[in-house]
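Just the one chain here, laid out as structure tokens, in the form predicted on its own.
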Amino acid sequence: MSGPLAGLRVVELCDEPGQYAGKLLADLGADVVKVEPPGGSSARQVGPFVKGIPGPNRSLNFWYYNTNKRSAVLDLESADARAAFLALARGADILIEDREPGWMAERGLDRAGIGNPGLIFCSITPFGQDGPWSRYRSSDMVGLALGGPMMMNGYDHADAPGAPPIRGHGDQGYHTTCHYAVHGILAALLHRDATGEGQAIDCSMHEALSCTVEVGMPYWLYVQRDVIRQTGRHAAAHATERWLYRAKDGHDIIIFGVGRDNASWKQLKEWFQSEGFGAHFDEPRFDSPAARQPGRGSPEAGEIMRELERFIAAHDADYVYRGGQERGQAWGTVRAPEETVQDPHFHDRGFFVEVTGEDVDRPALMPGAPYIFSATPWELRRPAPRLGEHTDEVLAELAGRGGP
């Protein structure tokens, strides 16, 4: 075992909503046992699949979200399997579950039924364990809609009059919720280390997402004003200049923070002027950083962005991106996933790892850890488990310590 959480034992009873929380802990070194029904977690049915052929061990999505875990199949509708689950939970530090409220208690598998006072019992649900919506159904998309982020995401009126809100892809709802769940678990671990006391954590996707609407909620709470959606930039209380521009080679460039300080503005201005753009930027009215900032309503900012659009349209995206960065500008190209995979920066830092699985001819690339530990290095200890791969192993461990 390796990683800063090595030695911690985790039981995970999760499908799509909560499995990322288990992955985060497993990737940090915890021993995570994923308990699955005989047919496997529903997450195994989520594509894409190896060579386009569905199967319980062929989901590439599942492969990513379940690295470094073990899989044990237990039919929790069976008394013997419930007894094994209870024994497993009594020897664990953490239990993560994403069943609907009441499901665990009805089967005697809640924290009271387990009887482990030091256990940190984290429940991940759409709307929490109580309240009028506690039994409502949801999904990643519905969570983003009800929590507020979807309303802030999409095209502004100038680009697409009457356009509806747009879902942000990448399971952002589930990811955000699982991050909050792990924050709570780690805080509860600190409390248990100090007091010996475990506790229950009620993590609601609805509340987690309502915390992440950027300026939307503060604007409404403080001045009762809704923000407006804007294409490729932050939602705001009023329309701001565009940040997304098309380069000569057809790629898009995202522009942020033009000329916020005099030093970077001087470099940017000289770059433009060396290529025949922005000759009038030497006028004193452009000297103030406040006048240069998009969103402030100044005519100077509008002129800068229009000239910037002309400059970008005359050059390839990579030239503009790297030239801007060299001059202290937070600019970037809008990349397709395959372009990101080919980025040498990721490979230089060892970000991608190779995994194998059913019917894979050669190792496949997968994102690794977004952090580097100096004392407890991250590693891919094992790929996502095959369905029930470790059932016998886990039950043998229970027998070895007096379990069922």
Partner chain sequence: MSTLPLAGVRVCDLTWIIAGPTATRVLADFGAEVIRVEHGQAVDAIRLGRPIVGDAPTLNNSGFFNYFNRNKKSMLLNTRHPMGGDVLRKLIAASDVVVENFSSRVMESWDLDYPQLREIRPDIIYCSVSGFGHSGRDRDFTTWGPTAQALSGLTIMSGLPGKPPAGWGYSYMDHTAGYSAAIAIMAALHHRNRTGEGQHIDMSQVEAGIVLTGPAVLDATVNGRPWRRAGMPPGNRAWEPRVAPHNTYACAGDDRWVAIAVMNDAEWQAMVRAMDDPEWALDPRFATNAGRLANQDELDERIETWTTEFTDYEVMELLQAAGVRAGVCQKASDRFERDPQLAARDWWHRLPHAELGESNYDGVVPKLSASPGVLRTASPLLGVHTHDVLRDVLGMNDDEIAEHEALGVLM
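We call the rigid core whatever largest set of C-alpha positions still superposes within 1.5 Å between the two forms. On a predicted model such as this, the values are computed, not experimentally measured, just so you know. Positions refer to the first chain, counted from 1.
Beyond the structure shown, there is the form predicted together with the partner chain, which is absent from this document and is the topic of what follows.
When the partner chain is considered in the predicted complex, residue 152 lines it closely, a heavy atom lying within 4.5 Å. Among heavy atoms of residue 79, none comes within 4.5 Å of the partner chain in the predicted complex. The shortest heavy atom separation between residue 282 and the partner chain in the predicted complex exceeds 4.5 Å.
Although the partner is absent here, residue 83 lies well away from the partner chain in the predicted complex, with no heavy atom inside 4.5 Å. Out of the listed residues 271, 265, 311, 219, 219 is the one that sits within 4.5 Å of the partner chain in the predicted complex by at least one heavy atom.
Only one of the listed residues (306, 296, 183, 315) places a non-hydrogen atom within 4.5 angstroms of the partner chain in the predicted complex, and that residue is 183. The stretch among 271-279, 324-332, 68-76, 296-304 whose residues place heavy atoms within 4.5 Å of the partner chain in the predicted complex is 324-332. Contacts between stretch 143-170 and the partner chain, counted in the predicted complex as any heavy atom lying within 4.5 Å, involve 145, 146, 147, 148, 149, 150, 151, 152, 153, 154, 155, 159, 160, 162, 163, 164, 165, 166, 167, 168, 169, 170, listed in sequence order. After superposition on the rigid core, the Cα atom of residue 116 is displaced by less than 2 Å between the shown form and the other one.
Once both forms are fitted on their core, a CA shift of 2 Å or more is seen for residue 160 between the shown form and the other one.
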